[in-house]
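You are given structure tokens for the same protein chain in two forms, set apart as structure 1 and structure 2.
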Structure 1
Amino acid sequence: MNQPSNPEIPPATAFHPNGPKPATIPAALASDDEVQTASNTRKRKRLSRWFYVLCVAIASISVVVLVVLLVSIGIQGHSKISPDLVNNAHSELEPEQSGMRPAVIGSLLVCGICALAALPLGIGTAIFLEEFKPTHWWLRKLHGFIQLNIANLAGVPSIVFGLLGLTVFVYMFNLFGQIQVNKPSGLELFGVQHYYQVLSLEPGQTILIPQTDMEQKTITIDRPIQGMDADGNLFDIARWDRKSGPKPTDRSERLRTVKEGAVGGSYSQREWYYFRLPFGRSFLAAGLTLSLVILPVIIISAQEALRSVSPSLREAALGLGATKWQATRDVCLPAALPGIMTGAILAIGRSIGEAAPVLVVLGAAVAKNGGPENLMDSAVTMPVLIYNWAGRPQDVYQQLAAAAIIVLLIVLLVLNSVAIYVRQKVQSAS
């Protein structure tokens, strides 16, 4: 049965392109001109093409500048690219034979410390901020305050983090004593033994005497005292003077005998795990300072990766009875791992090229021509060595600086390639 029509609604009018415009069509469409529409379309397409050309031009300029820079560095430093550059230590006496082996080792160790400190802390912070958001009003305010500060820290200049690392890690607010040269400072926890070193009658051989008083820097052998052999066994040191007769002829006896009144200086024997507070100008302090630099980047990138995980995955896990931690550990983290690793790769790549924080913490000196021997030992890094060489006027150092930049780029590319390969393997496995 047909429904009666509403008298308040006007009857629908059939639309025809060449017919009259219906009264219900907006005025802008009713007065639309086909010529004007075509003109607007051409204008939009022209603007789109111009924007595309502008983007390509900007990208091309950036690539050209990068290529010119790389070619310039390659031309200047290609003569110094050789195995000796990586195998030899830097030397001011023989700059032609100078290399950067200690700097490569130092940079890798500093970046290793940086990664070990920053990755667990950054990823854990991102999980806490993103997956365990508080519900209480005050805690939500605190959560927002922390989130805002992390976002601001990502834009702080690295030199500021260097000053922070100098205060916190190097000196620790002078809570454990100030670092002094040739003096045990702060709180030495383990990995060090202090001795006096005295010359024996055997030429070139010394006797170690355990040091009990750290304030006494020298010792005079004018009384019976015990020394220590290479195996750590104590023995009584024999004393000899001209009045007592000729020197002993037996080598083992000469190794245990010193001149009457001989003076010995203090000597510290440190193991690789030597640890003290504060850290001083050590590569450990430099690595921890660099971890502060990249920590905001890792937190933000990990948070973005966790946000990209589909909420349905979390809801499905929680619906099956999993706790929030189980859903995070077994569902969210595996899904977000590629994004987290991408942020970590970019952050570690930034840390290996940072010079300002390392200069503040370790200083600009490159006198050390070997790798670190213990956790509290200093180190030379590649950016600092390049800074030192580039500041010298001689041509040989300019060539060495250019060659060192090439090596730094190669090391960075290798590290990134390895990290990308690991990320792909993890992504395919998950």
Structure 2
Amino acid sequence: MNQPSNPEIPPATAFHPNGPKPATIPAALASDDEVQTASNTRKRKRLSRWFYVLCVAIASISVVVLVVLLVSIGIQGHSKISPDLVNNAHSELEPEQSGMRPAVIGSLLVCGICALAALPLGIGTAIFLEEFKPTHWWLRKLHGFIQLNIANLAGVPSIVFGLLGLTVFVYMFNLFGQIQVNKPSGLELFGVQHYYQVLSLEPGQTILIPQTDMEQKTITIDRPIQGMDADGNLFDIARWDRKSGPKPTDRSERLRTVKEGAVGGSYSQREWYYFRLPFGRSFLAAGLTLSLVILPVIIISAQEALRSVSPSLREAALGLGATKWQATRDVCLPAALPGIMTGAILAIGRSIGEAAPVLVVLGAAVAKNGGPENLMDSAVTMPVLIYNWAGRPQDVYQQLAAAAIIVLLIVLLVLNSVAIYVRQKVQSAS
């Protein structure tokens, strides 16, 4: 205090209401008013505390939302959780007994196709991008372009992928002609036999006649013609009419005999591997479309898993004379596999919940009694069923939708627990 005034301290200090400041304080702080500073600090601290409270409040909103969502759906749907739900199919006439069995089967099959298509493609791309970084400059450009392209694909709305599936898989740009109901359509490759079906004299039994002319929809039995028995052997069909005498009495005889002039309609027998070339609104098309949706997710997560493999492992393998591919196959892939699997399971969980692309490819109809019977058969999936039920005004369907949501969430929960389990195992192992 009693030091002579320092020339470095601005003269303003002298006019300070609280008297001159100690000369050791830097010039910038010397003009501060202690009372004002203290109140300012209190204000700032109070603001900070309030901000903390605001943060807590807002962060807990998400918890509240989740609880409200689960509770409200639980309340709405608990009364419909019954064996009926997983044993029955959707029914317009008896909504009380409606169930989601075809939807569960359909969802599993569609996701199976989706995983089969997306996993090899996605992991292959990730390996290409992470392990085979080229040195040629134009190859590097290609690499960068593919990487950029994947980032862009990840941002494409899923409904656009749905339209892609509709145009490419369902109609194939109309190159093979349009699909029509109950008609052999497009280019049928294998797994299908077309027959005419004619009633035999034995009640309730029919005879199959191989169809030769696809344009002719019906056949009239008025000339000798060959039919097919249960073992697939051809035989001559016997004809009978009132004028030629009484009906044959022997059962095997009656099974081979048809009334003169009987008319048979066409009938197609499809094996499970039935394949044709616009896929039509089939679950194969839906699965492939979904695989496009989750492909970027799988690639990005697999890339991260491969990146986290320690480079020393890779270098050790290369140092021993392994080729890049041998090092990748025997060292990097096994080490990255748990990470890749976690990402893949999460992506498949996403594909189970996706409704928009499936809706675009398969349509919104849900009336189906069972799962798909062949590759080209249509299917219903759980999210589409939920969408359909949730859009109806009747209370019953609203409750059914909530119950179906509970089933869907349980399936997703199981999948996610598997993913978390895999992740935990990796973390404890490394």
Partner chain sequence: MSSRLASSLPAALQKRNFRSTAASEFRERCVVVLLAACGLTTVLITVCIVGMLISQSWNFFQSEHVSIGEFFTGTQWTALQSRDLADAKFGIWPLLSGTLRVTMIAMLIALPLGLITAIFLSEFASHRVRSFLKPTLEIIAGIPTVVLGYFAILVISPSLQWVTGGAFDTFNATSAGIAVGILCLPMVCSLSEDAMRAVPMALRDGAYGLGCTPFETAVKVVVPSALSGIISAFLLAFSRAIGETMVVALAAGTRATATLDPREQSQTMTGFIVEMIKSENEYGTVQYYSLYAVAITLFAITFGMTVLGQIIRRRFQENYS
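FYI, numbering is relative to structure 1, first residue = 1. Rigid core (definition): largest C-alpha set, two forms, superposition within 1.5 Å. Because the structure is a prediction, the values reported are computed rather than measured.
**Q** I want to make sure I have the labels right. Is the form predicted alone structure 1, or is it structure 2?
**A** The form predicted alone is shown as structure 1.
**Q** Please state whether D241 has a C-alpha shift of 2 Å or more between structures 1 and 2, with the rigid core used for the fit.
**A** Yes, the C-alpha position differs by at least 2 Å between structures 1 and 2.
**Q** Taking the rigid core as the superposition reference, indicate whether the CA of E202 shifts 2 angstroms or more between structures 1 and 2.
**A** After core superposition, the C-alpha of E202 moves 2 Å or more between structures 1 and 2.
**Q** Would you tell me if I420 moves between structures 1 and 2 by 2 Å or more at its C-alpha, with the rigid core held superposed?
**A** Yes, its C-alpha moves 2 Å or more.
**Q** To one decimal place, what C-alpha displacement in Å is found for V56 between structures 1 and 2 with the rigid core superposed?
**A** Displacement of the alpha carbon, after core fit: 4.6 Å.
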